[in-house]
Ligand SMILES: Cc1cc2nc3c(=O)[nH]c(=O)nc-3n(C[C@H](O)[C@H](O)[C@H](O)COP(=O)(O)OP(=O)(O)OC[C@H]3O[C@@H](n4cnc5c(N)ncnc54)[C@H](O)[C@@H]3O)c2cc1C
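Here's a solo chain for you in structure tokens, the form predicted alone.
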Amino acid sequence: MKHVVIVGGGFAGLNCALKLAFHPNIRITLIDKNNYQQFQPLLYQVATAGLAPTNAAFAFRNVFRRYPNVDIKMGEVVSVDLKTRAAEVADGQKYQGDFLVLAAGSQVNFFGTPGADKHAFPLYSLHDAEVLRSRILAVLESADRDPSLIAKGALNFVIVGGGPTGTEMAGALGDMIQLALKDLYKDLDVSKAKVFLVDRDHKVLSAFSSKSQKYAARMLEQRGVQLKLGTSAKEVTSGHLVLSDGTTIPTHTVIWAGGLKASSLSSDLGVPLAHGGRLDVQPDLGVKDFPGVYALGDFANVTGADAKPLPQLASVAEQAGKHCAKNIKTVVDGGAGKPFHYLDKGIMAMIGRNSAVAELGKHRHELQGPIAFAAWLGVHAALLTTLRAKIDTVVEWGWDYLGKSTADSVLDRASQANVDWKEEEERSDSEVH
């Protein structure tokens, strides 16, 4: 029986394992630092209390409970030997396979922005989303208790990055402020809450058509989002954000959606890396000069038919994972792997309630408004890993749509998210003097 070691249980690693699980002559060891898969497209809804964390995370052991040839190991892989196809986790345990699949995912890229690593809130993991949700709730509770904090930026929320993650987060915050907070915080003047979206580009959603970009900008502005385009974050502090044009925005919630790079594991492989620290792969997704080693998802630099790198999308990772599994099965059966061809189904982004953009198919058929909103919901419900998750999430969406309520407004990470306002005041006074 051949052994496949998969590092990372994101869209790529999970789909590779699921596809291989049906092969009777293969056993799989799936290693991840978490014991769950996190559904990244829905993290912004967790952060804005639109969905509960359980709607965006699925335990690996539940997913694979019917597959005796799949073994789940929770641990952070800290080193990999490409020659021996072995992965070592932090406690020193090693896992060696006949095949090694590197799908270790990505990490936030702050691009060297001073203070961003200490004071900004990234949104690329379930933990990130839960901490950010608690920060949003913490500043709301503080401002409700002491309205004078509003002048210190307590209700200013700044999102850095105008791609799909940043745009979706901005729209969701705008809806949250306009639709939900008035009923939840009856003594708080929520009209003073402000949402800013910052991007160095002069438009949001740069990968979309001009028509989609204009629609998205208009829908964001209708939700009270102030667009700060053509500028970038110069410095992030505990109490304000400085932009490259010299503008200073008082805020205690800077949300970082400014970009990704491959996980830190890639820097220790001893091979040349592509843009963003990603690993170049051959057409069959294998790593050159290392037979039996494959790289997938955000960890890999996969090129399309035009020889340009494919985007870091869930659909790319999912298809690559399934294709990698097919190639491994083919090799096990004595054949040769085939080149990966991505089937481009299009791109979409949610702007908010009843508002979304979608560009479907190879020829990018454009949709905007409620029909794109429904399409976004349908596609992402279908992508969810388990049937229970699909049902629970659709019910939450329906409840939110009809009742204009939030799913989870529990401030459960206060120690990580609260602001020490007294310390902030003392720091501000010292800066003035």
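In this text, residue numbers run from 1 along the sequence as written. Since we're looking at a predicted model, the values are computed, not measured.
FYI, the form predicted together with the named molecule isn't displayed, but the following is about it.
Chemist: Considering the named molecule in the predicted bound form, find the one stretch among 26 to 34, 390 to 398, 367 to 375, 48 to 56 with heavy atoms no farther than 4.5 Å from it.
Modeler: Of the options, only 26 to 34 has residues within 4.5 Å of the partner.
Chemist: Answer with one of 124, 196, 99, 121: the residue that has a non-hydrogen atom within 4.5 Å of the named molecule in the predicted bound form.
Modeler: So the residue touching the named molecule in the predicted bound form, by this definition, is 124.
Chemist: Let me know the one among 301, 315, 238, 231 whose heavy atoms come within 4.5 Å of the named molecule in the predicted bound form, would you?
Modeler: If I apply the 4.5 Å criterion carefully, the residue I get is 315.
Chemist: Does the trio 161, 216 and 258 actually contact the named molecule in the predicted bound form, every residue with a heavy atom within 4.5 Å?
Modeler: No, the candidate spot makes no contact with the named molecule.
Chemist: Given that the partner is absent here, does residue 76 sit within 4.5 Å of the named molecule in the predicted bound form, heavy atoms only?
Modeler: Yes, contact at 4.5 Å.
Chemist: Hey, in the predicted bound form, does residue 265 get a heavy atom within 4.5 angstroms of the named molecule?
Modeler: Yes, contact at 4.5 Å.
Chemist: Would you check, heavy atoms only and a 4.5 Å threshold, whether residue 170 touches the named molecule in the predicted bound form?
Modeler: No, residue 170 sits far enough from the named molecule in the predicted bound form that none of its heavy atoms falls within 4.5 Å.
Chemist: With heavy atoms only and a cut-off of 4.5 Å, decide whether residue 103 touches the named molecule in the predicted bound form.
Modeler: Yes.
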